[in-house]
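Quick setup: one chain, the form predicted alone, written in structure tokens, and binding and motion questions come after.
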């Protein structure tokens, strides 16, 4: 969970309730219908119960020739790359393969006709990369933006406190004590201890050195739990907060504030030189975004535009080979039987632990490196209460019942097990995601510091988040809520811990030794490469399309 981007691209599921199964079936049918009506003609995108009576020849059945690119993984990373490649070069012969019976990867939006809820990422920062991709795919009218004036809350000393939105609220608000404010202010302008040369700092070390221990405990620690479900004493400042950590030495003198001013100046200059796409919606304040019907609307829309001839569902990759002439040969189990496809290039967007199995036959030493990336367990628990179940005297309370704001985060020091809670009914009030007399919240629980969460069943998970809600937002003696959707992800978010980039570089170097690097046509994508945020995965996927096309162009010119 996060108050800005949503828990990002989480991994293997453990369980889910029956309502989720019903909505999954409905969504799958809708995706297939949309893809079938997209106008593209191709090879059996719609999953069939049995093979066609008019079977092709053995050669045609078992081999699909040579593709320019095969993208393994139909999540937002892979689909963003595929859509952008086809937009830039319509003649490029590509294929996207997905092991599930739906696109979206771990973006999991559910709809049972009464509730619409998320079981993976819950929102995104509305950067131009995501917005432009949505507009290009014909989904401008599906973009949904939350109220930018909404507060984000952090629990401290038994009270929900609003996070500062700007300098005035940081100075005049009660989020930090006056000693904490003074320490953070002095550190921000550069009056702080310099970084130890050559040392890779943890997030805790970086923030405490620059802004002080209090700012870390109250502001950054809960965000580490919310965004990464991680431990800030282990997370790498460089890897996990790269765009922030670089600010320290970006300005005219060392410090986060002068670096931020320099970045703001450069950003304004860049916008002036490259005017913003007029199709994109105006973004006000620090809002978050979604799509009508949930985040999964984006990957479904991209797949529809690509068409059934490109996107293949229920294709399980069982073998990866390199041919003598430098091609990649991928063998799949499909609903129509075994298929073998060759390609000049491949893009692997699966989680790192899946990539390990994918490349083991062609780069066994690299596979060992991919196995080292850590994904802790996280559960998403969506519940609904009657609107009058919420306290009326809290910071986030509404007089008519329910809650106002983006949601709340809980530092580990506050002895609340739930990582954070999203106020879904308030964020997406205009999208009709819950009955009007109820209020739906999405809770995330677990993470790197609470791996025992895997031992709880669905009812126990609901009881756990309910107990925490009684401490923060519910009236005393409020009964258990309606269980809308529960999903346990046994391998959730990749941890960008100390040595993350070094480990990734190690894996790439070992791939290179086996002639399986980008220079040889093998590209890596996904959240352990791009970053855990939904928007970062899209942005990286869009950028990667140019890298793959450049490789193909170079290959053509050298043949």
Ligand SMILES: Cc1cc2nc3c(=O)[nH]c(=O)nc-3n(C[C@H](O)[C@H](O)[C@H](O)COP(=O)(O)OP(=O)(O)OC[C@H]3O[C@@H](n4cnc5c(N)ncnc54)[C@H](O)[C@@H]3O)c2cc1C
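None of these values were measured; they are calculated from a predicted model. Numbering follows the first chain given and starts at 1.
In what follows, reference is made to the form predicted together with this ligand, a form of this protein that is not presented.
The binding site of this unliganded chain is blocked: after this ligand is superimposed from its pose in the predicted complex, three or more of its atoms come within 2.4 Å of the backbone or C-beta atoms. In summary, the region of this chain contacting this ligand in the predicted complex, judged by heavy atoms within 4.5 Å and restricted to 344-352, 473-481, 279-287, 129-137, corresponds to 344-352.
Residues 105, 444 and 526 are all found to lie within 4.5 Å of this ligand in the predicted complex, as judged by heavy atom distances. The closest heavy atom approach of residue 98 to this ligand in the predicted complex falls within 4.5 Å. With a 4.5 Å cutoff on heavy atoms, residue 382 does not count as touching this ligand in the predicted complex; it lies far away. Not displayed here, this ligand is approached by residue 75 to within 4.5 Å at the level of heavy atoms in the predicted complex. This ligand in the predicted complex is approached by residue 315, whose closest heavy atom lies within 4.5 angstroms of it.
The contact with this ligand in the predicted complex, taken as any heavy atom within 4.5 Å, belongs to 120 out of 294, 405, 120, 232.
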